[in-house]
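One chain follows as structure tokens, the form predicted alone.
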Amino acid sequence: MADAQASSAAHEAWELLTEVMMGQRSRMLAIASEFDLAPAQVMALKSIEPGSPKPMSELATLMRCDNSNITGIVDRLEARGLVARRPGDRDRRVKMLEVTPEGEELRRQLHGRLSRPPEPLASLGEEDARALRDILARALGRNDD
């Protein structure tokens, strides 16, 4: 009986988390639109850390898409001056992506907008927000205790 209750509670928690996340799809689209970016461009830009060039193939793996799709995404980011491509140091066939100063600024702005909790979380009291944070951290194995 305890396993069935835990399983049921986990199932319900997952459904609630999914509902919160799926409810943010329109928010993500609106934020991307504010910066005249497609959601995939936002994800790509967020995945390239300033000062840490990333191979295009690694970006494709991170974003779970084909290399040819990454090329189109990067083409548009590069045309906006947000990223630059350069040959790899060891293998010139490898294209490395770097965030430009303009890209760094846009990343900062995006982070500011995207890191704000959505209303269902922002409306929680401090105690509930801490409890939820701690539970999610444990579920992800991020215990600092």
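One-based numbering along the sequence shown. Just so you know, these numbers come straight off a predicted model, no measurement behind them.
The discussion below concerns the form predicted in complex with the DNA, not included here.
Remark: of stretches 111 to 119, 98 to 106, 45 to 53, 64 to 72, the one touching the DNA in the model of the complex is 64 to 72 (heavy atom within 4.5 Å). No member of the trio Ala10, Thr18 and Arg27 reaches the DNA in the model of the complex with any non-hydrogen atom inside 4.5 Å. Using a 4.5 Å cutoff between non-hydrogen atoms, Val94 counts as a contact of the DNA in the model of the complex. Although the partner is absent here, Ala84 sits far enough away that none of its heavy atoms falls within 4.5 Å of the DNA in the model of the complex. Put simply, Ala40 is close to the DNA in the model of the complex: some heavy atom of it is within 4.5 Å.
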